[in-house]
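Shown here is one chain on its own, the form predicted alone, set out as structure tokens.
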């Protein structure tokens, strides 16, 4: 039974891993990245998330290693606190309350007990770089009130601020200004680039900055793709800069290597450029990284780099510019048209990913499994170019078929529409294109769904469109003289008074099809495609439509745009009940009768869980989030929960996930994100002999079981040794401090002698038994020599034992041997 705890909304994924620069541990074994309200710790060798540092109450905006202790990590947040973590154990050590909204965090070894943060003044767009003194105290929460001003009018992005050689100065860029503050001189130098509107200087804006770790050199990136290297900037008149130019668009980030021998740069070309010795001719490239490079980080050991990308991905790169690991989060597309779909095979969440792709995302590990290229065309990153959009996706027949719809429209009359049917190939373990249908409808497709889920040999697909029709597609034989094949073809076209078809869904047994035409719901027989009945409430256009499940399969639910939720009884063909709710998301649980509905209010989004047969909701939670919830889905659990509370029983068989407008993926849980980490992930952190892989743990358990069996077999064969705990020599050796022990030569002989088995350890009863066994063996040998019958040869030990007992001469000999072992030395003392 699960202990009843409070049910709360938790982030389960989708947070931006590329919001800030990733940070390496001192030994390059781990990499840290901000993820919403959390800080995630990943293994650079296995890509596994080994810890989730949670404690901030708002967005984490900066992380940095403690320069005085490389096993500790600082983090800052919009909640106005700086937290110090022990990342090995995932423990919060201290919390420093600053009070201001913190936008970025910086540390360096020469600033003792101080960190640097970016805060904003009373004016929203004016930011300051300040130094915060971290007081020493034994308490866990401390007020950090001592703040010193450093620089004014800085950019809130941490990419626009960098600390120089040995912390002697700090440089900041914003717009066309470069400001350098020298700590010893307490003086600020400012340099301005031309900001004229001529073509030559139109894109001189600063975008990022990096300082050389060994020399007085500052590298700045610009909007026009140029990199400027500034020197002699301690003098306002004698400063110089040189230009490096390869990027055709803005430079997104810069980073020097640990020794300063090379400069790394990245941008929208998805290419990491390494400038050796900061020269134009000596360049190395790592191309085709998949998306715009947002951030670049270098490990303190200098053996690894990492790049953060716009598709929510972190790539770990070795020193020779070879990618060694990819940490892929939930890809955030500009619009999620497909909604949230569950792959029946992998239980993965499927939705829009990279342009023209479907992403398969593991909800358990918060990691992307793979991408499926649907459009199969090269993506051209050009502003203003109208791209092909993936708008619909649906699975059928237990994941054997996948239907997708893609469209492109430049003008109202120029609609390009394609529907593709994909079949699952067991050999390649992936989806293969089976049928491509151009212009399946004359207007946009609004919904598609598979039917006949129980009859996988004869699947049916229904599409609804704004052209006023819904079409039924069936799988037919498409074999020819060359090969056997199947393909999809249109079997039936239906309409209702030329209204636009907005939604469609099948009943659980596949016998009925419901299609909504604006305000009217029509029910069709899936065998004959005859119209059975219609429901019309005149409450607005139908926004969501779904059938009940299991015992509630006789009910049909519909939510309208005017804020009315209706429930119809299909047996009586009448309205069962209705409620006034502005439903945005309505999802039935496939494993129970429950239906989850999310309504939108002026304050936020509310969740209602109910059964169609009962108008009273099972569970209500107000303000699950402040944003609008766009999509939701139930995911069946592999292992059912055992909540006993009636309010939580709807989570026993399935878990409800929902996606907000800002594309944050949320769910309901009684566990924290740290508790949901897999045991394998936690074991990775404790394992010192990296690199390891999940395959290593499978072999490790197998070897451990083999070793246990082998040890057990050896224990059965070997003589039982005396316990080491009872040997005084060993206990004295182990528990006595080393500095008071005698010499090792003296201890060695005593230690070895204590391990030897003396004759006295055998009792007087054990020894004759051994002799009995020898005598029995001798008797067996003698029997074989005398060629006795097979019956005598096959007698067991018990029979032999009885024969021996009846031999008086041998028993007398035993008594004599026992008597001989008795010690009579005491007689000499008389």
Partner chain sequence: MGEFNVHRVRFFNYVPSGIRCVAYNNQSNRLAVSRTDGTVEIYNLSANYFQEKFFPGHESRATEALCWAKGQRLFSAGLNGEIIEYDLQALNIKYAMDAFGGPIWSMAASPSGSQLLIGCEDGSVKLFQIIPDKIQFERNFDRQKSRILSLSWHPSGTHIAAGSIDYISVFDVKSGSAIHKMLVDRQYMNVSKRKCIIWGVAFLSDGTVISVDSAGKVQFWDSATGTLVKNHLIANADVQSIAVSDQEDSFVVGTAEGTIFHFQLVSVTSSSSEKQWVRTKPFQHHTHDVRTVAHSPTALISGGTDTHLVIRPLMEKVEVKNYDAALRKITFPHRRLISCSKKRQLLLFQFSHHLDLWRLGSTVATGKHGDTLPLSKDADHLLHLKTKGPENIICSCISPCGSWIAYSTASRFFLYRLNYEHDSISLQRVSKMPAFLRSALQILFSEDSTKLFVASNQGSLHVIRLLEGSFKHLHTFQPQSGTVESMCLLAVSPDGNWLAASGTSAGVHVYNVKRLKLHCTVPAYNFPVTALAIAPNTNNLVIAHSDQQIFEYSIPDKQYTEWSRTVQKQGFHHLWLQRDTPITHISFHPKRPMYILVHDAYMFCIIDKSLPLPNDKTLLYNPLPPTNESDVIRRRTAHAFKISKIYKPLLFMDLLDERTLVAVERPLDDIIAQLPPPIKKKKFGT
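Since this is a predicted model, take the numbers as computed values, not measurements. Residue numbers count along the first chain shown, from 1.
Although not depicted, the form predicted in complex with the partner chain is the subject of the following passage.
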Residue 242: heavy atom within 4.5 Å of the partner chain in the model of the complex? yes
Would you check, heavy atoms only and a 4.5 Å threshold, whether residue 606 touches the partner chain in the model of the complex? no
Residue contact check: residue 215 to the partner chain in the model of the complex, 4.5 Å heavy atom: yes
Contact test in the model of the complex: residue 416 vs the partner chain, heavy atoms, 4.5 Å: no
Report the stretch among 499-507, 229-237, 152-160, 512-520 that approaches the partner chain in the model of the complex to within 4.5 Å, counting heavy atoms only. 229-237
Candidate from 279, 601, 120, 114 lying within 4.5 Å of the partner chain in the model of the complex - any heavy atom: 279
Work out which of 165, 347, 133, 223 lies within 4.5 Å of the partner chain in the model of the complex, going by heavy atoms. 165
Taking the partner chain in the model of the complex and a 4.5 Å non-hydrogen atom cutoff, the residues of 254-278 making contact are none
